[in-house]
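Before any questions on how it binds or moves, here is one chain, the form predicted alone, in structure tokens.
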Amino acid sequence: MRGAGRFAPTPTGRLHLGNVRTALLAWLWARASGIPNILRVEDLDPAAVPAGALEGIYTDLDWLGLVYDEEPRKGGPAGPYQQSARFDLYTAPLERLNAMGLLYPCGCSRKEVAQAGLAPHAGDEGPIYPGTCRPAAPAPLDSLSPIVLPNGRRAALRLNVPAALERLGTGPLVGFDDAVCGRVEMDAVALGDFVVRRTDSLAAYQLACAWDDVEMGCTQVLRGLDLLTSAVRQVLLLRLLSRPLPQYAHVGLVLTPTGDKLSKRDDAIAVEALRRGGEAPERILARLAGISALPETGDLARLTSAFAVAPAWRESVRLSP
């Protein structure tokens, strides 16, 4: 496997300073490691991408000087670099999981899952699925063709997590070593059976993200701490598929001066608004480097030479007023 780092934004809105801090740290980590930087666009639902959102991301990153070796506009050996152009590539891992008897159809709505009363605020995947549609005896599906249930609903496909863990023979805990958080172990059963193919028959986030990371040769994955449970699910998938794990690094979130989570709807911290307001890109980079225990400079070459992954990044940081 070749080495590469990556930044993988979802083009549903403007980049804010939290997104850019993640992009900056991931970019510096790859540069300091001497490996290519990849920009991957995670647009699994093209209909949900607002007009101009992707172009806005390109504009912001170009303006900040975060130039990528491989990305949708340039292409490269691991392309295509937009998930909306990779849908056919997700068939192979789905077929392998199905051959193991680990997939099953589920017609439960998000509302129905939430009403089951299991951890209604369970993080990036939403409410934890209680296993309502899980079969008593796991078995391969006859076909991965779209499934319409007797009630007329289209079915998603979920991973049978207990059966997956039994196949691996590792017990309920799924663990990995994180460059920032240290050893991470979570009870995968407690996280619930998660969707790997959506009701529209397109690959779901967990499968597409994990598969793209290994297929693109990403050996470094730096992203927000809010995706730590996603990492557990993705590690489980990669182990089932006998694929190598990247080196993960999950960093704490950037908060507003009042301690709130940043929002793409907040003009005050949108890169586009700062750029239009006359802010210099070097000042933005220096500000984000400073809150990340790096030299407070916008000089990317200097930041690269000074770069080192810091365990302190696990803590959330507040922007100064």
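The first residue of the shown sequence is 1; numbering continues from there. Everything quoted here is computed from the prediction, not taken from an experiment.
What comes next is about the form predicted together with glutamic acid, which does not appear here.
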item	value
Which of 70-78, 202-210, 141-149, 95-103 sits within 4.5 Å of glutamic acid in the model of the complex, heavy atom basis	202-210
In the model of the complex, the residue from R243, R134, R223, R198 that sits within 4.5 Å of glutamic acid by heavy atoms	R223
Heavy atom of T10 within 4.5 Å of glutamic acid in the model of the complex	yes
Proximity of E272 to glutamic acid in the model of the complex, heavy atoms at 4.5 Å	no
L238, heavy atom within 4.5 angstroms of glutamic acid in the model of the complex	no
Glutamic acid contact in the model of the complex: L227, any heavy atom under 4.5 Å	yes
Residues within stretch 16-50 having a non-hydrogen atom within 4.5 Å of glutamic acid in the model of the complex	E42
